[in-house]
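Just one chain is shown here, as structure tokens, and it is the form predicted alone.
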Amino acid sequence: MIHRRTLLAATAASLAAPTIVRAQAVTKLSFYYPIAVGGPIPAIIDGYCAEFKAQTGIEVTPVYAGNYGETLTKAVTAIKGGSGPQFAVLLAAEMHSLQDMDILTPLDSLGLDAAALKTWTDGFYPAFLANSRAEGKLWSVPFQRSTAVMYYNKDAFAEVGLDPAKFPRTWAELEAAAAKLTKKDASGRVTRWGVKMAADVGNAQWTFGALANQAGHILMNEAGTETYFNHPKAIEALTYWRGLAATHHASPDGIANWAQLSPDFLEGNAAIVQHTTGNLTNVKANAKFNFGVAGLPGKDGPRTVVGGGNIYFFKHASAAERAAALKFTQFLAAPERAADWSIKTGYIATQPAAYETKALKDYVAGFPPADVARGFLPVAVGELSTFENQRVYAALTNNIQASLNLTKSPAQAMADTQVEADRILKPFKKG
């Protein structure tokens, strides 16, 4: 496999100099963090940082750098400028691209011996490590993790004669329910859409990855060097997505934006939205109606995709800084804190041990939707992840949008995506 690491040697050398002069007694760390959903996440992270400082004397300064894509760009720019963070939360799916930039350090270089590292990482849900492994090593730690789920308005279900306790489990059932839930006023204007799913930049690939899995298809190989967009099942997935609007008139024409899904749901403008578990606490706090959480339906039965961010460690940091960053990461991942994080945000706690804590047991007992997503981890796949990830995402998103806008057929959109992905990934293929 060809990497661009040799092309970055000069950059790596320039980053080594400030590392040498850093003090070994680490008292400060910089931590880049994305804000991808609504809710009080910065305040929660600030609280954890304050608690960690009180326990250890180490000050972790979180830098809230925008969404995942913006955080990636800012972190890489800062690192190449010699003043970047020691660690960051970035998309789990960015592993291959980050490796190729030669800015990461694997977990086995953080100061834990092999046995201790294995014991610790074996404690995470396997599905959340799916985007962490390459070249026989682990390159990130699961933290802000989710699956895609459906939020649905139980009152709207009851209003149209659907059973609020039974969310659709197949594509056909969702198509029928969404059409029934779509409501128009006397003039024919739609006042409530049956279902909305995001197709905007940064989110279309996650929606589509789930749909492909629902059709029984994986979009890439584990090495991140090949994609399978022109497969009949990928075309089938896009055909289904487009049909929700074009055929069943249960979803708006064109492109639905991620940022608008939650407000649309909370304001009653959409009866069902596909979103992240990380939005659960926000919905719980603000919904003025009875709502439910369900796994995504599939062609024949429920299937979903994992998503969210992992913690990555950067090689320009000193050994002492890496050890301190690991210490903070273990602090965040401790079962009691993972339970607290899940309760406060809705993200899935990344270790089974968190669900054995009294706090999370009590919370789930009182609010069962908090444990819905975890039950779908066995039918979840990793997010689309390749080398040059953002370029592949852009090609896929452009073609998905063209199909949803009815300017390309699903077959042509997937064929065009595959041609572009093949061109992008050609330098990374063996032989």
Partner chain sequence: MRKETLQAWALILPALLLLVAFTHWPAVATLVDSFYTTPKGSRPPRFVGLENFTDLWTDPVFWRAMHNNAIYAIATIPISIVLALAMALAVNTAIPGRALVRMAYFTPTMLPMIAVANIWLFFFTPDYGLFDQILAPFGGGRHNWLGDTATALPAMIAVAVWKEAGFFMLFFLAALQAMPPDLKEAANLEGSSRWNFFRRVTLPLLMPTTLFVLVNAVINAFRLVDHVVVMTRGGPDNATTLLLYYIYEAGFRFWDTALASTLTVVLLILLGLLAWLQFGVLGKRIHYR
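Residue numbers count along the first chain shown, from 1. This one's a predicted model, so the numbers in the text were calculated from it and none came from an experiment.
Beyond what is shown, the protein has a form predicted in complex with its partner chain; the following relates to that form.
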Problem - Contact segment among 27-35, 360-368, 399-407, 47-55, judged by heavy atoms lying within 4.5 Å of its partner chain in the predicted complex - result: 399-407
Exercise for the section: Consider residue 393 of the chain shown here, and say whether it contacts its partner chain in the predicted complex, taking contact as heavy atoms within 4.5 Å. Expected result: yes
Exercise for the section: State yes or no: in the predicted complex, is some non-hydrogen atom of residue 352 no more than 4.5 angstroms from a non-hydrogen atom of its partner chain? Expected result: no
Handout entry: Any non-hydrogen atom of residue 252 within 4.5 angstroms of its partner chain in the predicted complex
Key = yes
Problem - Touches its partner chain in the predicted complex: residue 108 (any heavy atom, 4.5 Å) - result: no
Practice task
Name the residue from 318, 170, 260, 282 that puts a heavy atom within 4.5 Å of its partner chain in the predicted complex.
Solution key: 260
Completion exercise
Answer key: of 294, 138, 179, 201, within 4.5 Å of its partner chain in the predicted complex (heavy atoms) is 201
Exercise for the section: Just give me the residues of 71-90, first to last, that have a heavy atom within 4.5 Å of its partner chain in the predicted complex. Expected result: 72, 73, 76, 77, 80
